[in-house]
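Listed next as structure tokens: two forms of one protein chain, kept apart as structure 1 and structure 2.
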Structure 1
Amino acid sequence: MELSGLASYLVSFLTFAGVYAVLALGLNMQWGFTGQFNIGIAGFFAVGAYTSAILTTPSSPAYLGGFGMPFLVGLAGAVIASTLLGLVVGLITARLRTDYLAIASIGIAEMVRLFVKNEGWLTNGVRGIAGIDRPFADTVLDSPLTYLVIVALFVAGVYFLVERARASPWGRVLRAIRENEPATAAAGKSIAGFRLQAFVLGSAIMGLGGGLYAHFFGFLSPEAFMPLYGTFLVWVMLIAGGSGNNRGAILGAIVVWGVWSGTALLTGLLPTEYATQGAALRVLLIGVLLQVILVTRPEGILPEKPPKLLARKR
């Protein structure tokens, strides 16, 4: 029984780490490649999750739903909704400096969270949306292990596409904007246009992560998209793993989620009267971990390396 429980915990841990890896890859597209300081990740995360949930859940008098669409349609809807939100936000903020972009993005994320919390006709408000099925529901393939494989396939697919983009001429322009914006503009490149493209693509990937989360957890509520869980942890994962390195983003998600989960087990052993202090201690430990990594390895566990250029066959 203990071995079975350990295996179940490992499957759950790796699935959550995979969802966060998708979010970290989306952030890497924005910050790691282009230097866009987006601290509104939770907004795109929430939009993707709720869109997929609404499209795939059965009808309910409590919220908009009843479409009963397949899993892949729900994920496609999550990507499209997050893409549209990213396009709107990007058009407004593409020309803003890093600090102004940070202020604007966190404001938009809080607007999304409060909208989700208060518009009960759409999202059931604070009561949340329950009964979000995994793919292959009510079949022999319906299991946490199957969903882990599905999440792993999506992580691999997103990694492949983002890595190809990084090594392409388009990716080189993004890194040039990050390193020397005036020189890139002098070379005739549209700074605002490339920033908008990177921001929208990163937002779409975050929406995909939200959809995967919804079908894994099976229940959504506004508390799941607080800045601590939807933004802060993702940033720590990317910085710790290695900003600009897609492998580092995935490794950072696994390492930081391991620390976060491990501290949950440790604080769970504390007496009841210290439960509140234990929750704050988890955040402190994550902050200490980040400081240690920044001091010992400023570029992250896996520093960014120049990509291998995609050679054209003659």
Structure 2
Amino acid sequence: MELSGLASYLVSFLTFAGVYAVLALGLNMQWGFTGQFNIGIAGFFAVGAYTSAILTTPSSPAYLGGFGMPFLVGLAGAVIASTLLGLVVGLITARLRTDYLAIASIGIAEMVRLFVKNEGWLTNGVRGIAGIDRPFADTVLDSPLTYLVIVALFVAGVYFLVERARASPWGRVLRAIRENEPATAAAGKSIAGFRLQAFVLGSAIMGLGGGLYAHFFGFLSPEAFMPLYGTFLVWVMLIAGGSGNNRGAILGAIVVWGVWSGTALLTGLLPTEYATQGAALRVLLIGVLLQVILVTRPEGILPEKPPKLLARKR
């Protein structure tokens, strides 16, 4: 009994870490490679999650749809919706310095949250959407473990794609923009164009993460998309793991999710009347962790590898 409880905790832990790893990989595309500062992750995450939920849940009178579509259609919808949102944000901010993107992205996240909360016809408002099925529901394959395998496959797939992108000439241009914008422009690259592409790709990955989250958790409400969970944890994960390094992003997601869950166990020891203070204390610890990393080891656990120098002929 004890052992199976532990096993199921582990499965749920790893699934969460997997969803966060997808988000961290999306952020790595934007921040790690291109140096674009997006702190509206929660917005893209929410758009992905709600799109997938509306597409796949059985029809309901309380909100738009559901359309009862299969899992993969829901995920595809999540990716498309967050791509469109990323395109809009990217088009507005691609020409501006990254502080403006940061401010605009936090605005987008707030707008998405306000919209989700207030437009009950679409999202069922604060009551949320319940009963989002896992794939293979009502078959023998339906178990948390199967879903963990599915999430792991998606993490592996996304990792493969972004790693290919990183190694490609396209990825090199992104890093060149991050390191030296005027020089890259002088080399004839369209800065705004590449930035937009990276931003939209990152947003699409975040939307995928949102879809995966919806089917894992089974219930969505606006409270899940407060900036803390959606945005801040992902940032700490990427910075801790090593921004610019895709393996670092995944490792950071697992480690920081471990720390975050660990603090939950710790504050769980407090008496129940201190429950709200316990939650605040956890955020405080994670915040301090971020500052310590920034001051002492800004490159993270797995730093970005410098590119291999070509052997020079003498």
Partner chain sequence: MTDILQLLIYGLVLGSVLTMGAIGVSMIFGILRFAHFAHGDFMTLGAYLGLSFISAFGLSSWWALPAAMVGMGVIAVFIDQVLYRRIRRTQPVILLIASFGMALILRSLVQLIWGSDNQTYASGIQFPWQLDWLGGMRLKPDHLWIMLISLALVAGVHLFLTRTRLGKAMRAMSDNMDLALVSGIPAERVIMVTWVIGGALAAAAGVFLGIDTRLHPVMGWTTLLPVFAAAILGGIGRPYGAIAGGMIIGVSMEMSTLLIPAAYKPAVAFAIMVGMLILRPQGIFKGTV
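Each form is matched to the other, and the largest set of C-alpha atoms that superpose within 1.5 Å is called the rigid core. Keep in mind it's a predicted model, so treat the numbers as computed, not measured. Structure 1's sequence is the ruler for residue numbers, which start at 1.
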query: Selected structure - criterion: the form predicted in complex with the partner chain; finding: 2
query: After fitting the core, L14 CA displacement of 2 Å or more between the two structures; finding: no
query: Threshold 2 Å Cα movement between the two structures at M69, rigid core reference; finding: no
query: C-alpha of I301 off by 2 Å or more between the two structures on rigid core; finding: no
query: Rigid core fit between the two structures: Cα deviation of Q291 in angstrom; finding: 3.1
